[in-house]
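So this first bit is one chain, no partners, the form predicted alone, shown in structure tokens.
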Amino acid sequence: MPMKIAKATFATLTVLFLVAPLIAILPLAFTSSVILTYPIPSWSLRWFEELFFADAWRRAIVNSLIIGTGTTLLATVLGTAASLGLRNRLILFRGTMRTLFLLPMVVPAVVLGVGMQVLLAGFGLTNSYLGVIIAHTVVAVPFVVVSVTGALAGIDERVELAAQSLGAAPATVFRRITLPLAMPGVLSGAVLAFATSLDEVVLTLFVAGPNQRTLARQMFSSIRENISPAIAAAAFLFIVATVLIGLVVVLSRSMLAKRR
């Protein structure tokens, strides 16, 4: 009994430690003051109005949605294809190739940013939406690979072999058997890819131009210039969007599980 109480206490303290910064900053999104300070003089939505009506913030939100959507689509397709390929036991150096796919997760962001800037400059893609999407895809693909690989590992290969033995073509097996069973992992990977793109700052600083300023980059620039409660409002939108996307994924996975 004392051990259970100790574990519950430790878990509670850990959760509080993780969410304490959020609890401290999020209420400031609703302050009427022009500075981040407690106590809050009065409650107001003025900083959310600035996010949606100020040109710089509105353009940053639109750019984040454009780049995040493009990154999600590209990373999900490439990551799923890579996971399917690495599933084949006949591929030589399969473990080494999987490690290469995961390298962007551990390579320092500055090093990756410099390399992406040099590479994209050679193709004339710097200061373009396509260049930023490609750069964000590089760091988003590993999350998709990890998620989809885990989902594929839970699929009984005998189900696919049974479909093939009944005359189903490989494309049919993939569309009717493999993909539906792996869909929870694909959805989770897509959410992680979108969240990674939404939160990426360093790569954006290296490869994006003035017209591709994302919300994360706008927040970073605002912190350097002046600390405004608009940053807290933007953080509030970040968290709400992440929670909503997570809920959609959880509901989708539960619906897919019921259908199976």
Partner chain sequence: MAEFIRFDRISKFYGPLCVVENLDLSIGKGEFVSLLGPSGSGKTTLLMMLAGFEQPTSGNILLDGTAINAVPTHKRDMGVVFQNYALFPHMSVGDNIAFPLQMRGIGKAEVGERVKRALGMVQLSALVDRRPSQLSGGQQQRVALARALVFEPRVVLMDEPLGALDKNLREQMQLDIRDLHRRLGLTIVFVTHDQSEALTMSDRVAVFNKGKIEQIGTPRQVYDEPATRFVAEFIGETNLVEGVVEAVQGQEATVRLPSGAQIVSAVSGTVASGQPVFLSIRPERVDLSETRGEARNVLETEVTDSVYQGDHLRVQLQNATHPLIAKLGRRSREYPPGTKVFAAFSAGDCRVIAP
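Numbering follows the first chain given and starts at 1. Worth saying up front: this structure is predicted, and the values here are computed from it rather than measured.
The form predicted in complex with the partner chain exists for this protein as well; it is not shown, and the discussion that follows is about that form.
Student: Is I177 close to the partner chain in the model of the complex, meaning a heavy atom pair under 4.5 Å apart or at it?
Tutor: Looking in the model of the complex, residue contacts with the partner chain include I177, since a heavy atom lies within 4.5 Å.
Student: Is the gap between P170 and the partner chain in the model of the complex 4.5 Å or less for some heavy atom pair?
Tutor: Looking in the model of the complex, residue contacts with the partner chain include P170, since a heavy atom lies within 4.5 Å.
Student: Even though the partner isn't displayed, in the model of the complex is S165 close enough to the partner chain, meaning a heavy atom within 4.5 Å?
Tutor: Flag for S165 set to yes.
Student: With the cut-off set at 4.5 Å between non-hydrogen atoms, does L86 touch the partner chain in the model of the complex?
Tutor: Close contact is absent here: in the model of the complex, L86 is far from the partner chain, nothing within 4.5 Å, heavy atoms only.
Student: Among V114, L130, A153, V159, which has at least one heavy atom within 4.5 Å of the partner chain in the model of the complex?
Tutor: Only one option qualifies, and that one is V159.
Student: The partner chain isn't shown here, but in the model of the complex which of A109, L125, L73, L181 has a heavy atom within 4.5 Å of it?
Tutor: Flagged contact: L181.
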